[in-house]
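In the block that follows, a single chain appears as structure tokens, in the form predicted alone.
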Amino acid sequence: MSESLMAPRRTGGRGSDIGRPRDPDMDQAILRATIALLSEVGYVRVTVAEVARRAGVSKPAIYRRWSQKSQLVVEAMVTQMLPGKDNDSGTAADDLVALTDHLIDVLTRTPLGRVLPGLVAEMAADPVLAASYRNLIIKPNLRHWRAAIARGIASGELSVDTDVDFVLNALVGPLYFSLLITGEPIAAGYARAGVNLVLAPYKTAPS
């Protein structure tokens, strides 16, 4: 992961940028310490004091950047959710399978899956946090899903009346339902089976 990707813009943070210019190395140290602590103890037990200790900075240095722990955690999560470039494999179905598999990996093999239930509870009471999560994590990733469907429509693989929002919600929704509600593991092969099922009404007949 390149160093330039470790300090995304704080669209939802409420710390102050007034005063001395921010040190990007310090930003990165704080974000790395946050991810490490999240991996070990989960969202509820993360404290700004412990993040500061691990990053080798003061608590005021963190609060100048993020006024709440929840804001810091969301930005740290961005470093785990970088969507990368569009994967144009030649078919929308294969692209969506790859994106779905990637999301499954993120939700099951990174700290995000372990802290998301706590974050969701916080977002219900904090609209600024909710907006930050959507703007920094959800929207950048959805652009790649929408682009894959758009390529499928443009190539004739999918019909022009494909309901993009339905396709996205039907693929992603069950993953979050498993993580947040049932706690059941995601079935092996879900990505391919889910994509085949959801795209079936919109697939065009072979020419």
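Bear in mind the structure is a predicted one, so any value in this text is a computation, not a measurement. Numbers follow the displayed sequence, beginning with 1.
The same protein also has a form predicted together with another copy of the chain, omitted here; what follows describes it.
With respect to another copy of the chain in the model of the complex, the three residues G56, L72 and T108 uniformly fall beyond 4.5 angstroms at the level of their nearest heavy atom.
Although the partner is absent here, M26 lies well away from another copy of the chain in the model of the complex, with no heavy atom inside 4.5 Å. The shortest heavy atom separation between V160 and another copy of the chain in the model of the complex exceeds 4.5 Å.
In the model of the complex, another copy of the chain lies farther than 4.5 Å from every heavy atom of L136. Interface residue remark: V78 is not counted as part of the site for another copy of the chain in the model of the complex, having no heavy atom within 4.5 Å. The stretch in contact with another copy of the chain in the model of the complex, judged by heavy atoms within 4.5 Å, is 168 to 176, chosen from 147 to 155, 46 to 54, 60 to 68, 168 to 176.
Residues L116, P117, G118, V120, A121, M123, A124 are the members of 108 to 124 with a non-hydrogen atom no more than 4.5 angstroms from another copy of the chain in the model of the complex.
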